[in-house]
Every structure is written in structure tokens, then in C-alpha cells.
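Just one chain follows, in the form predicted alone, and it is written as C-alpha cells.
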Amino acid sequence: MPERTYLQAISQALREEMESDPSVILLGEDIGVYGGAFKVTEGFLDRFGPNRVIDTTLSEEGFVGAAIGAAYAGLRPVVEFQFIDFIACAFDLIVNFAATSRYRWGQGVPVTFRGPWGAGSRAGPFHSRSVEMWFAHSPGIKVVAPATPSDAHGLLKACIRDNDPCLFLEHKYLYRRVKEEVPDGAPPIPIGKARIAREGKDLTIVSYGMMLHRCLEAAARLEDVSAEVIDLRTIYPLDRDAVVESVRKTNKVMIVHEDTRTGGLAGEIAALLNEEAFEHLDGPIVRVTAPDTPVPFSPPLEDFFLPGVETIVRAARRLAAY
């Protein structure tokens, strides 16, 4: 079974979907001749040709509009953003046209919007944003954020096969830093299903993306505290049952994400647990998040901005002491 990096798993999923379905096409800046900003589509132009691997102009609004039109014509476009921050330029088309299309007149828009997301790469405030909650608050589009190569492979295939728009967030810090066995032709992984990344009984840590790995490292250091770690994998629709079930077992919970605090997913999960598991809580719901600032370019400031393993460990110990 081949071992693949997170980036290679994404590339493999794209290749397999294009080989099995001729309606899958790719659009984006520099994805053809250059192979993509991070080389996810390297070699795709030679393999699939210019009618299916389309280098676009520097216009996010333009190529997103073209992808939505192609979807109405029966294709399954996959749109690459060089950095997900620039999806803001096409926000209107995605949330007002693609996301609402099925609700407005029953026509789905099977477009996958994918791109590198998140901080930790010294890329500054224009190339490091967490955009998940912009779209999680826009009904009609699914928001997926895998943390492992296997999940990246399986969830991207699920997004491409979905009959409605999906936002597929690829954490660029993980592109070449995590690796695992990913079999050729592995099936899609259902969207909206969380997984238990580590079993535990004393408290629950809920996370996703790159922070999932820091939470697992923190849980391993909590030798005297048995921490269960939930990997959400999908931001919207949220696997509410998985989170509630874990908290009913451990009775304590903290949510960790690198998105800024105000309006972040942690607040939504806290409200969910207040409504559905309040009587099972033996301590406060704890949020560990980035502060409400843009992502700093300065390395020491970016390190301070992102929740670190020590911060997560300290928060978990305080919670466990209740």
C-alpha cells in the first residue's frame, strides 16, 4: 500500500476522479503548465489535456463564475485557489449563486472549491486566513477540513461527487509534513462524519485541521488525564451527535481551533452542548483559539497567535481539575 503525503493524497484523489469521470474538469491560476502553486496538479495537463485542465486569468470572480456555468451545463468543475484567502474575491458568486441554487430553483451546483488554508507557514495575513466560518454561515455549501492524508483523499472524492457546492480546505502546513498509507482507489469518506482520533474518558478535545495534530500531541503529554480527541473533519454540516456523545461520556470539553475567537466554531459547539448536554457537564466549556487579530507575518508573533501544544496542555489540566 503506497505511503502518501497530505499533498500527494489530494493529487491522487483528483487524478482518480478525473480518470473515472470525464465530466470532472479543473480550473485555476497556473494549474496547467506550472502544475499549481504547490504542485498538486503537476503533470495533469499532459495527462488530461487543456480542455480539462484549464489555466485561468488572474480573476477569481471570473473563473468561479465560469465553473458555476460549467456545472449548470453538466460538468463537475474543481476550482483551485492559490491561497484560500483570495476566495473572498469570489464570495458573492459562491454564497449568493452556487450555495443557494438548489433552494432557489432545485438545480444543484456540483463545484468543489479547494485551496490551501491556515497559518503556520510564515505567509502573513494575506495567505494564512481561516475562512471556514464565512461559509459555514452560508447554508447550501458544505465545508470540509481534513487533517490526514487518508481523509484528504476520501473527503475530496466525496466533495467532487456531491451534487451541491463544497469548500475543501487543505491545510498547507500539513502538505508535506504528514504522511500515511493511502491505498489506490480508496472510496470516498462521507461528508459530515467526525471520527474519534484518540479514545479517552476524562475530557473531550474537539478540533480539526492542523490543530488536530497539536491536540493529539497535547493529549499524549497528559499522562495522568485520559483525553479523548475528536477530529471533526467537516465543519458544516457538523457531526453534532459525535460531539454530544463524547461529552456525555467524559463530562468535560474543550474546543481548539486556529480561527479567531469571536464567531468561531468553538462558540457554536459551546451553544450546541449547552442545549443538548448541559446536564452532563462537570466543568466549563473551554475555548482555545487564536486571538481576534489578523495573522501576523513576524515568526514569533505568528507562533504566539497560534494555539501551541503547551497552551492546550495547560488548558486541559485546568479543565481536568474541576
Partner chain sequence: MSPKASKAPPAPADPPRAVQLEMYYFMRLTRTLDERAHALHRQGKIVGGLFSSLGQEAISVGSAFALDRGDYLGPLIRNLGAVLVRGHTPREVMTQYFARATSPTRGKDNSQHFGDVRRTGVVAYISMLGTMVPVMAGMALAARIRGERRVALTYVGDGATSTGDFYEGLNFAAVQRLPLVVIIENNGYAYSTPVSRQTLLKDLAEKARAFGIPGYVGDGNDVLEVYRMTRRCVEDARAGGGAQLLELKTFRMRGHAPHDAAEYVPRELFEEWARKDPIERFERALGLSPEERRAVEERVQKEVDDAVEFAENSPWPEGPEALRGVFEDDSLVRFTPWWER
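Numbering follows the first chain given and starts at 1. All figures in this text were calculated on a predicted structure; none of them were measured in a lab.
Not on display, but discussed next: the form predicted in complex with the partner chain.
Against the partner chain in the predicted bound form, the set 103, 240 and 275 is in full contact: each member has a heavy atom within 4.5 Å. Using a 4.5 Å cutoff between non-hydrogen atoms, residue 175 does not count as a contact of the partner chain in the predicted bound form. Although the partner is absent here, residue 42 lies well away from the partner chain in the predicted bound form, with no heavy atom inside 4.5 Å. In the predicted bound form, the partner chain sits within 4.5 Å of a heavy atom belonging to residue 164. Using a 4.5 angstroms limit between non-hydrogen atoms, residue 93 touches the partner chain in the predicted bound form. For the candidate set 114, 157, 233, 142, a heavy atom within 4.5 Å of the partner chain in the predicted bound form is found for exactly one residue, namely 142. Proximity to the partner chain in the predicted bound form, taken as a non-hydrogen atom within 4.5 angstroms, holds for one residue of 292, 30, 61, 46, which is 61. Partner proximity in the predicted bound form, defined as non-hydrogen atoms within 4.5 angstroms of the partner chain, places exactly one of 182-190, 93-101, 217-225, 124-132 at the interface: 93-101. Contacts of stretch 69-83 with the partner chain in the predicted bound form, defined by any heavy atom lying within 4.5 Å, are made by 69, 70, 72, 73, 74, 75, listed in sequence order.
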